[in-house]
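As C-alpha cells, one chain now follows by itself in the form predicted on its own.
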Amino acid sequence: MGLSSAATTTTPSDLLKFCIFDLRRGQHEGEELEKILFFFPADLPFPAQLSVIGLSEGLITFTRIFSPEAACEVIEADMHSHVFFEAEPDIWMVMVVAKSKETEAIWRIEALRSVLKEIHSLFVMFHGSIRVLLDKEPGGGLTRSHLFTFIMDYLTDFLTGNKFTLPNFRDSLKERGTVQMLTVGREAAIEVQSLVGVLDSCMANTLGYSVILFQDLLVSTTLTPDDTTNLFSYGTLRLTPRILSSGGTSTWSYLRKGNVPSQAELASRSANTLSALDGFRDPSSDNYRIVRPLQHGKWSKGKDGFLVTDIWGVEVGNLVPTTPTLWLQQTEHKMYLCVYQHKSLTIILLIPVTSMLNGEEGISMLKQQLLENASAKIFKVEEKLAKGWGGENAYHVKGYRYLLVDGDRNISRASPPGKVTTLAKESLLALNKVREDFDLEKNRGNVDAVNHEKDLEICIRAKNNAWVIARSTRGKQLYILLEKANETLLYASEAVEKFSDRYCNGAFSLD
C-alpha cells in the first residue's frame, strides 16, 4: 500500500500486521482461509497470514484455560507486541506491532487497543454487526469488502507525508474513545437548550436525536454516551469546519507533526485502497455496492448550509445524493444522518428511517422546516458561543500539562496540543510509563468497571526532574505533568490538590 513506518525504514509488514478473524469459520482442513475477514498488509502471502492468525488463535485458546471470561489482551514477545480485542463473540481483532530501538516507536498497549475499539465501533455504526453481516451472507465476500475499504480509509488518518505513524508516547495526554466538551456560560446554555427544543419540534413525531458541535467540541447531545462518542468521533474525523476547509484531513492528522496531506495525495490513497482491494476481496462480492463513509474529501457544504456527499449513492434520474444512514448502538435503529453547518457550529440530526414514509421527500421537507424555524436560533447560538470561545488554548492551565478522563460519561479534557509539544521527550516518556503502570493497576483491580470505590495514585520523578502524577477515583482519572515544579514531592502534591480543587470540584483531593 506504499506505507512506511515513522520509526523505521522497514516495510509495513515488518512494522505492523493487523487482522480480523472469526473463530467459528474455517474449522476444517483446507478451509482455513475462510476465517480471515481482514488482513493488513493485504499483499502478504496467505501462508504468512495464516501463520499470524494461527499463533493468535493458539494464544487465545491457551489463555482461556486460565481466564474463560476474559482471554488475553496483550502478549509481549522479544520482537513484537501482540494486541488483542474481542470485538464480538469469537470475532477477534489483533494488531502485531514490531518493537524498535527508536525512541519514537514506544507505544502504550491500551492506546493501541483503543484504536481497535474505535475501528469496530465506527464500522458497526455504519455497517452493523460483523456477525450479522456474516449470517446474512455466509460466503463472507461482502463483509470482507466492507471491512477492507473501511479500515484502509481509517488508516489513512495515520499517514503523515509518506510515513505511517501509530499512537505513541507523544500522545499520552490524549484519550481516544472520549468526547471533548465545550464549557459554556449560563446565558449561552439557555440559548443552546432552547435550540435543542426547536430542533426537536422540527423533527416532530419522528423521535429523532440531535448533536451540536462548536469547532471540534461537543455542546449538546440527546444521544446515549456510547452513541454520542461514536458520532462525535465521526464528526471530528470528517464533518467539522476544520476538516472541510482542509480538504478532508482529519483532526488527528492535523495534530501530528509533519506536512498535512494534500487533496491530491488523499485522492491517490483512496485510489490505492480500491486497487489493493481487487486482490483481496471475494469475487462473489462484485455485485455489491461498497459504501465508504470514511473516504476523504467526500463531504461538502451546500448553498443551504446542509452538508452533502455522494458516498451513499445518488437518486436514480435526478442525481441528487442519497441521504446517509447509520445504526445506533443501543437501540439498533437505522437512522438518516442530516448535517447542517453555520460558521463554526455543526448540527447533526438523526431521524429514524422507519418514521420517514416518504423517504428522501420527507427528509427534504424536514430540512426546509429546519431552515424556516431554526435558522435565527442557530445564528444566535453560534454568535454567543463564538464570543465566549477562548480559542485553541481556552483550556490551558498555566504551569500544568494535564489529561482529565471521566470514564463513566466518556468525556475527557486535556492541555491544548500546542502546549503539549513544548514538553521534553523525557517528560513524555515518563508519563507514558506511568500511564502503562496505571492501566495495569486498573485492569488488576477492575477499577474502571466495578470497583470505583478503590482509589489509585502513582507519582514519579522523571530523569529531567519533571513530576508525573496519576490519580483515579470513582471512575475518573487525572494525569498531570509538572516540568517546572519544586524539587519536593510535597510541592508537586500540593500543585495537584490546587488543580483538583479549582478545576475538578475537589474530586481528586486526598482530604
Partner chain sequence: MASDSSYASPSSDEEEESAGQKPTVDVNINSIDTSLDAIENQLSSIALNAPIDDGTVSSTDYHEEPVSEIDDGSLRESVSERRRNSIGESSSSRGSGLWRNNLEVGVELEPEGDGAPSSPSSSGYAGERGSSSSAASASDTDVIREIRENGSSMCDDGVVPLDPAQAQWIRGKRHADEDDGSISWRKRKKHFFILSHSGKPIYSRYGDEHKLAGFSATLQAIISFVENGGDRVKLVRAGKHQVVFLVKGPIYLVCISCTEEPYESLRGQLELLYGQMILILTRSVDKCFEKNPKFDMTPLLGGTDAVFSSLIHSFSRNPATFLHAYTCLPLAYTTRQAAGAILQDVADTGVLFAILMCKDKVVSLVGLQKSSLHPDDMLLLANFVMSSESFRTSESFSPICLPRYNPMAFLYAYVHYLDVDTYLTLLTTSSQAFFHLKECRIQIEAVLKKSNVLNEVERSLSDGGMRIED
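This one's a predicted model, so the numbers in the text were calculated from it and none came from an experiment. Positions refer to the first chain, counted from 1.
As for the form predicted together with its partner chain, it is not shown, yet the points below apply to it.
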Original post:
Hey, in the model of the complex, does E73 get a heavy atom within 4.5 angstroms of its partner chain?
Top reply: yes
Original post:
Quick one: does H333 come within 4.5 Å of its partner chain in the model of the complex, counting heavy atoms only?
Top reply: no
**OP:** Examine F46 and determine whether its closest non-hydrogen atom to its partner chain in the model of the complex is within 4.5 angstroms.
**Re:** no
Original post:
Within a 4.5 Å heavy atom cut-off, is N486 in contact with its partner chain in the model of the complex?
Top reply: no
**OP:** Report the stretch among 474 to 482, 57 to 65, 22 to 30, 458 to 466 that approaches its partner chain in the model of the complex to within 4.5 Å, counting heavy atoms only.
**Re:** 57 to 65
**OP:** Tell me, out of H80, R176, K380, K117, which residue has a non-hydrogen atom within 4.5 angstroms of its partner chain in the model of the complex.
**Re:** H80
Original post:
Among L319, A204, L357, L440, which has at least one heavy atom within 4.5 Å of its partner chain in the model of the complex?
Top reply: L440
